[in-house]
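What follows is one chain in structure tokens, specifically the form predicted alone.
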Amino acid sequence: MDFSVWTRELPELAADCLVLGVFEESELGAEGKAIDTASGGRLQKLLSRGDFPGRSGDTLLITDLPGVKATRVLLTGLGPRAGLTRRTWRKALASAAAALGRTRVASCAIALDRPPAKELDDYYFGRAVGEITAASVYRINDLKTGRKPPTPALKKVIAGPARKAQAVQRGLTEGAAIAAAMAVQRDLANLPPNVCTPSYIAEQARALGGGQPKLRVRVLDQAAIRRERMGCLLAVSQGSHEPPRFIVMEYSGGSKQQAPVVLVGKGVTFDSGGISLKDPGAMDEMKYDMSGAAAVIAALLLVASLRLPLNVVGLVAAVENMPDGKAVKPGDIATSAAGLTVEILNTDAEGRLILCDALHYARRFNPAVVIDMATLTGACVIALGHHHAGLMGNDEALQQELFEAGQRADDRCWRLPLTDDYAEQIKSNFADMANVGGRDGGAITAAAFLGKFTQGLKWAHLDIAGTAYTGGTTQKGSTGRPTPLLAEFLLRRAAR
């Protein structure tokens, strides 16, 4: 998709469609008034009939408006003028982009009134347009055998008005790159688990990274994982016929002296719960238990495509958790790569077992920071719902950096306490620790377990169980989160 900034007068733009904002009570914004003037008052006359009240999220397509070169005008509701915020503005743009995707419009000009610059400056305006419009043409990679609907026609987007055209253009470019990375994450996560196995993820990481000269991809097979003494990871995978894979992606965009950012992703390609078998309802959604791994792969491709002056390492622990006769049992004790022993009281608490070995592996890179992301606990969904990812860690500055990145990227996270009290809940009579600590504070005790393996590291943990995908029957699919948050974090680090 091609992105640029419009500089000519709106009525003179020869786009297939102009996208204009309308406030409640059919009140036109500044750009809409310019179009109304060019059309001899026709636009306001149409609105005065009351067919489009301007409610947030509403859209209306008008064809052949006189006085403008564009063949169509799409109106999108901004809600009450006094209530125009970054959130309502994004909702209006997303509604417009979705409506465009249902047409054969190939080019559009975005001309929406914006909230104040302190909420949405030129750069973030451009980035939102790039990210939202590019993401709107994404279609789930389904395996239906019937006739496929036509692919969206939208190929060109011009946005404005711009106070600083260069900032808008940079935002458009980076927003489009973020949307492309989100598409990679969503494609991997949406595939069925009989296709997207640990070996498949490893093959895709190799293939996707193959075209990037500064990105090196290595894959450890089961024998190599065993040589690394990743006993907890191997314990999870031993009940499956699918062999585990450990993927190492190294992007070298900074100096050799620069300590890398290490991203660690949970890659359970299907989580049955193992011997601690899950309830059958919605178990099919456990194919999304590799969303953290997909986000890491997407983030490495993003930094490579933008050629950021950073060193970034991605670590993906990919396994399948199944309950056959060789599966790990409640009461078994596994020895981690760090040498610590773990009493496995619940085989459905498997994500922390593969992550602890991956976090220990991260030490060899002498990282500046380590961030892991995982659909780790249902408890986090109970605590925060589907709006915020859970954020915990052992470094105040890093957590604040991630929190602020989420706010700016509109991919929010929320801090949960991680004090020593929670570590008391994972004590074991028979091993150095247990892998669960009861129902109380389940998201935090899971992080407390990971914290045992990150001492001496600057570490943060993102529990994305509530944000990485949507469930149900009709809206099921990967959201592409937390890729926007990670992108903002990495772009800010690169700009230092």
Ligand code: BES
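Numbers for residues come from their place in the sequence shown, where the first is 1. Computed from a predicted structure; not experimentally measured.
FYI, the form predicted together with the ligand isn't displayed, but the following is about it.
Checking 286-294, 357-365, 392-400, 167-175 against the ligand in the model of the complex, the stretch whose residues place heavy atoms within 4.5 Å of it is 286-294. If you check the ligand in the model of the complex, you find a heavy atom from every one of K278, A349 and A379 within 4.5 Å. Looking at V436, you'd find a heavy atom of it within 4.5 angstroms of the ligand in the model of the complex. Within this chain, Y469 lines the site of the ligand in the model of the complex, having a heavy atom no more than 4.5 Å away. By the criterion of a heavy atom within 4.5 Å, E320 is excluded from the residues contacting the ligand in the model of the complex. Contact check for T375: a heavy atom falls within 4.5 Å of the ligand in the model of the complex. Checking A465, L43, L462, I444 against the ligand in the model of the complex, a heavy atom within 4.5 Å turns up for just one residue: A465.
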